[in-house]
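First, one chain by itself in structure tokens, the form predicted alone.
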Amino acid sequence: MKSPGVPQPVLEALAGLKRDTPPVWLMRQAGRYLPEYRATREKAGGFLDLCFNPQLAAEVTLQPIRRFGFDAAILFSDILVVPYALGQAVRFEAGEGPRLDPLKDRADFFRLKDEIDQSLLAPVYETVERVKEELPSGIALLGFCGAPWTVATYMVAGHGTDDQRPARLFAYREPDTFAILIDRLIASSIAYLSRQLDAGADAVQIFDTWAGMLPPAEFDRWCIDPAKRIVAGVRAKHPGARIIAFPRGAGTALKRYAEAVRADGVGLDWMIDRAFARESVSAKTAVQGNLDPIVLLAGGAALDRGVDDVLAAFAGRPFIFNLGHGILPETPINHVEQMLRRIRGG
């Protein structure tokens, strides 16, 4: 049962408050490492069927909260529901990940809808409402979207690639056409995140998984500027919105990104130098991260050292403990429990 006035540690961190014991949640915390998730996924059928089934999507969103007591639940969905709502065919093939009908030329771009079809995304908003109703007091509900650059890489290639070459080539060869796609994704992301906040999300995160693929000028154009515009657009509709931006692989561009985007929290990957990150992000802005998912997989003394190093690096500032990317499906549950005991001193 919810109790009015119970503090939410994640939201406090995003408001600039410091805690001796930081709040913690994990990217992809609802997923294949949990047996209860695998059972629910089998019941749902296909992956998109699960994303668009509010009852089952709410169930898997809540599963890691029941098991681990994380300080935030993150909406179970996928970044590719946005291209789906723009009219691009999206499917998930077992063992191969997402598949889309690739955008090969200018004509393919202009077959997309001008704006997202919100009716197709209505089940996502219903999931938010259901989770919000069932979530215990003190636990934040996070919505999310993929950043325009990352979403565009899948839309252009039709699948994930190691170096995002198809999207990079398209952006170099036809920058004006690529800019039209990015602009459409910016507008779609603002609309999508705003509706999640309307439905009850407490904060939202922008995932730019493939930001690290771009050189500086292109990083500024295709990662920083879109994120900045999304943050401003969401705040224009929701002035008090709390927003986390996660530019994976930003490296030395992190300072430039944090100063320009002006999110309430900045997510850090596991590759960043922590001292550099601490100096690059304003002390008033929360940082989130950045334990290596492989060290969580390893467990044991290495995991204890990894947790201690992260805690020491970001002590004395607003901080949310997380991984530097999503939890790996083969991660043992007892390693997550070990991590939480180390963070919380249990």
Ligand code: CP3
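Note that residue numbering begins at 1 and tracks the sequence as displayed. Everything quoted here is computed from the prediction, not taken from an experiment.
The discussion below concerns the form predicted together with ligand CP3, not included here.
Asker: Identify whether ligand CP3 in the predicted complex is within 4.5 Å of every residue in the set 212, 223 and 287, based on non-hydrogen atoms.
Answerer: Looking in the predicted complex, the three residues 212, 223 and 287 all stay beyond 4.5 Å of ligand CP3 (heavy atoms).
Asker: Tell me which of 229 to 237, 71 to 79, 167 to 175, 257 to 265 has residues with heavy atoms within 4.5 angstroms of ligand CP3 in the predicted complex?
Answerer: Heavy-atom contact with the partner occurs in 71 to 79.
Asker: Heavy atom within 4.5 Å of ligand CP3 in the predicted complex: which of 28, 67, 317, 278?
Answerer: By the 4.5 Å heavy-atom cutoff, the listed residue in contact is 28.
Asker: Of 251, 102, 123, 98, which residue is found within 4.5 angstroms of ligand CP3 in the predicted complex when only non-hydrogen atoms are counted?
Answerer: By the 4.5 Å criterion, the partner-contacting residue is 98.
Asker: Is there a non-hydrogen atom of residue 92 within 4.5 angstroms of a non-hydrogen atom of ligand CP3 in the predicted complex?
Answerer: So residue 92 counts as contacting ligand CP3.
Asker: Give a yes/no on whether residue 84 approaches ligand CP3 to within 4.5 Å in the predicted complex, heavy atoms considered.
Answerer: Contact check for residue 84: no, nothing within 4.5 Å of ligand CP3 in the predicted complex.
Asker: Given that the partner is absent here, does residue 192 sit within 4.5 Å of ligand CP3 in the predicted complex, heavy atoms only?
Answerer: No, no contact at 4.5 Å.
Asker: Please determine whether residue 207 contacts ligand CP3 in the predicted complex, using a 4.5 Å cut-off between heavy atoms.
Answerer: Taking the distances in the predicted complex, the answer for residue 207 is yes, it comes within 4.5 Å of ligand CP3.
Asker: Residue by residue through 41 to 66, tell me which have a non-hydrogen atom within 4.5 angstroms of ligand CP3 in the predicted complex.
Answerer: Result: 41, 47.
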